[in-house]
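Shown next as structure tokens: one chain only, the form predicted alone.
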């Protein structure tokens, strides 16, 4: 996945070298150095840029990662008594669209995807796909979940201790498979993964207050209601709806 690097060189390079080095943004600094900044698709591309820098005879001073790609929080398959949870892939777009496009499902989602190709483009966005976990029962996709690891809020002096210490969950189940406890089983597995494998200290989830099925699931897995925002979210129906926030701390907290 694409990452952004800053390459700092001794001396001032002319602008035309930027294209030679992969169309990176070139800046000449007052201290007599040059920086080249831009996205690098993979390590092979990075090594190629550095090789061209060497061929130019430029002295490399520093190489700094400015922005890293999204790291999927689920990097392995999880198995429960009845379910398999695995990282989502682009190939899952059509199967998830089949139930996400339903009126009864989309009523509680951020978007109501009515066009498969438009949905496929959204679903396969790298950041979204990195946070997608699909749920299978005997090889059949029955739902998908969101698992996003984030930094907890912290004052600047201790911000490093809050990095990637919180996770947010979300879930959507195919109505054809509701009423069997699959969502509860899947969410419990993700909570265990968050606390045991990822080392987060707090997991949060949010939904419309009117979506009783969702917040009752939150309570069933042990999450507590921490917030109730009154008429804060505009629904596509034109109504301003209440939302509720639930959270759960790691057993060690």
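Positions refer to the first chain, counted from 1. Everything quoted here is computed from the prediction, not taken from an experiment.
If you look for the form predicted in complex with a small molecule, you will not find it shown, but the lines that follow are about it.
Proximity of 172, 181 and 220 to the small molecule in the model of the complex is complete: all three residues have a non-hydrogen atom within 4.5 angstroms. Among heavy atoms of residue 35, none comes within 4.5 Å of the small molecule in the model of the complex. The closest non-hydrogen atom of residue 27 lies beyond 4.5 Å of the small molecule in the model of the complex. Looking at residue 120, you'd find every heavy atom of it more than 4.5 angstroms from the small molecule in the model of the complex. Proximity of residue 105 to the small molecule in the model of the complex falls within the 4.5 Å heavy atom cutoff. Judged by heavy atoms within 4.5 Å of the small molecule in the model of the complex, the contact stretch among the candidates 200 to 208, 223 to 231, 27 to 35, 56 to 64 is 200 to 208. Scanning 148, 82, 101, 165 against the small molecule in the model of the complex with a 4.5 Å heavy atom cut-off leaves one residue, 82. In summary, among the residues 109, 95, 152, 78, the only one with a non-hydrogen atom within 4.5 Å of the small molecule in the model of the complex is 109.
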